[in-house]
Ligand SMILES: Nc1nc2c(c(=O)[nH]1)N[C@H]1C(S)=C(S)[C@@H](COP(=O)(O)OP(=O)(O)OC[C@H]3O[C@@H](n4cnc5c(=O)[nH]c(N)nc54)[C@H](O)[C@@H]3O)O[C@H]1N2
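Just the one chain here, the form predicted on its own, laid out as structure tokens.
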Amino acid sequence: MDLRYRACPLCEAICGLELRYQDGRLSAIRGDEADPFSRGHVCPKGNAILDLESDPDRLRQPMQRVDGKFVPISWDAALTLAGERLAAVQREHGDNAVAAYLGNPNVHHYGHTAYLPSVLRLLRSHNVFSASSVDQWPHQLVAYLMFGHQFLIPVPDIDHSDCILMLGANPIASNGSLMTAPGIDKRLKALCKRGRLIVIDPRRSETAQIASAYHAITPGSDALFLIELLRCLRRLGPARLDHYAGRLKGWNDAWRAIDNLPDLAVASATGIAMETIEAIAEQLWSAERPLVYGRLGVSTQAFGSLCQWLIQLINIQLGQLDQVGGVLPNQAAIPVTGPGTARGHYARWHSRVRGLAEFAGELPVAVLREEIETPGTGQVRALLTCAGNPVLSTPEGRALDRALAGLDFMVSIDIYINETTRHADLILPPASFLSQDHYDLIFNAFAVRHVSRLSAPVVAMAEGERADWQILDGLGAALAAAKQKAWNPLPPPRQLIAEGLARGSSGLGIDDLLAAPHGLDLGPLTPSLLGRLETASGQIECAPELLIADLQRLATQPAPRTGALAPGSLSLIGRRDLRNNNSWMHNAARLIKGKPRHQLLMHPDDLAARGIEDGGRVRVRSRVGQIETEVRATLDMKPGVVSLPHGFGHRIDGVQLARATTLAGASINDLTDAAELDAPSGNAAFCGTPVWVEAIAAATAPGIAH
């Protein structure tokens, strides 16, 4: 048995893996007991690497679509064709006529994270989009506005806190997410033993089920809850500001704007009684090391940026921003903040059709379809996608699917022919990640401890394959040649990683990482925010104008949008499962086995009111589309709220995913609305999408899940 070691690249936990090879073949995967961070923990996605490595549907060579069918093409011919066609579109229609979409897996692969920016700079297009704007843009925008850098995002110090209030987060299913924490279930259970975990969510999620307390909230009303919580904390005593020593700018201005808000009818709007909010405030105030954390559920709503701002104000009020046991940024071995990093910027340009502001060089992906379909100067006519599937992952997916069919040219860097890449003229598949050097640039920077690990190749790259970085470098060279521009290729990843370590303050070099195949634990998080602020004032900006202005929008429309709709509407939220948080994982046998996970979850009272039986098929309709799926009754849902998971809906002509296309289920993004956004950031606001549900088939599986 030959044992080799890597960090898992399939989720945010970056667990250490022990890969077992028998006669040169990968035969088993276990958690790496010697990894000082994950300590042997591994989730089902780690074991699914066995399926990924042997998947017959995985592309191993470039493919060109000819007369509607994909046929092999050589690497040199494919890259040359891609460069020439992209350059031709830009020569005829302008730089903005070529768009780029970057999917979530990009941040899991160093070869994408480090090498994509050079290609995007060469494109010079304003039409760059990513999965970030259906996920965490409110986090990044608030960090940029308050702290001066989009990645100065405070991380919950969950191992040292004694009271955590968690809103719209389900880390037991997501493995953290902007909070890299392998073995999160053990960490949260330890918290509950020494203190309290309070979960606020419309669904009694997997995390809520182990919490000390759970309270159901009306989707989209979290900002109102947070405002009232902040007011309750102030009534309990003066803000604990000693730590900030005059480094707070606009603190009184923020409070003045909050105090000027009219009565927001918080209890009726949120579904949480005032007595409950007061009790939560008292628990936070009396704790020694409390913190408040909000994740995807609060970011993907109409006031997502307000929510993230209010969360930081609460942590300041408690004296727990940049404090042990509170929330504090990680100072990573390879820095993602500071000189030479992507600090971010806002509104340097706007989308052509709707006039939405860019953030950090990207536009909200909710405008991609209209930029393709709307004629005129700057219309998107060609598209580069990299490890992304926006047809399943972004609002109004079916409409985007139709728009992609009308492009003049499309090239995708991907390993599958999926719902999006089936439209590509060229697909460029990277080699196995096991054959490439990898460093978790992003997830180390959001880890709950200071850690560092280089994952060296454990297998040789097959003949005729190319690594992620080689594909991007080759594409850049071909595009530069076609545009008659200079191209300076970046050196191989190991050299870039060494240069990144040299810029940091850890004292580590590349040889230190090579000598530690299981990774290094460099210690707990320590306060560093005040010394790293990148705002023009050098202070924490507590009252950013953009967010103060958005308070007025809240004042004029505080009630969740379902309140103004016709009777019978329900509020739709998404959900993640430990096995299926990304759509492409549905082609792995180890992840799709077991009980079905695609159903619409619905409270029994809502089923009864509509004459729908548990287990039956239902039609779910929103303003922009409709789907059909099965329904499952559960008391875990707040009445009036339904839940559908992300990533299903593979039964589309042309998709070549043999296992995934056998799965039942539909895409939640055939219902989500591209018109609904968080106004400051442009992030998609799909939490609380109004839907109508009706029966279309008899029940097949009675019973209520508890």
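Residue indices: 1-based, along the sequence shown. Quantities reported herein were computed from a predicted structural model and do not represent experimental measurements.
The next section is about a form of this same protein that is not shown, the form predicted together with this ligand.
K.L.:
Looking in the predicted bound form, any heavy atom of Lys638 within 4.5 Å of this ligand?
P.N.:
No - in the predicted bound form, heavy atoms of Lys638 and this ligand never come within 4.5 Å of each other.
K.L.:
Closest heavy atom of Gly325 to this ligand in the predicted bound form, within 4.5 Å or not?
P.N.:
Gly325 lies outside the contact set for this ligand.
K.L.:
Consider Gly168 of the chain shown here, and say whether it contacts this ligand in the predicted bound form, taking contact as heavy atoms within 4.5 Å.
P.N.:
Looking in the predicted bound form, residue contacts with this ligand include Gly168, since a heavy atom lies within 4.5 Å.
K.L.:
Do Leu570 and this ligand come within 4.5 Å of each other in the predicted bound form, heavy atoms counted?
P.N.:
Leu570: no, not in contact with this ligand in the predicted bound form.
K.L.:
Please name which of the stretches 259-267, 88-96, 131-139, 496-504 has residues with heavy atoms lying within 4.5 Å of this ligand in the predicted bound form.
P.N.:
Answer to the contact question: 131-139.
K.L.:
Looking at Leu291, Leu310, Ala82, Ile413, which is the one with a non-hydrogen atom within 4.5 Å of this ligand in the predicted bound form?
P.N.:
Of the candidates Leu291, Leu310, Ala82, Ile413, Ile413 is the one lying within 4.5 Å of this ligand in the predicted bound form.
K.L.:
Looking at Gly111, Pro544, Gly148, Pro390, which has any heavy atom no more than 4.5 Å from this ligand in the predicted bound form?
P.N.:
In short, Pro390.
K.L.:
Any chance all of Asn127, Ala332 and Thr337 sit within 4.5 Å of this ligand in the predicted bound form, going by non-hydrogen atoms?
P.N.:
Judged in the predicted bound form, none of Asn127, Ala332 and Thr337 sits within 4.5 Å of this ligand.
K.L.:
Even though the chain is shown alone, can you say which residues of 283-304 have a heavy atom within 4.5 Å of this ligand in the predicted bound form?
P.N.:
Stretch hits, in order: Arg295, Leu296, Gly297, Val298, Gln301.
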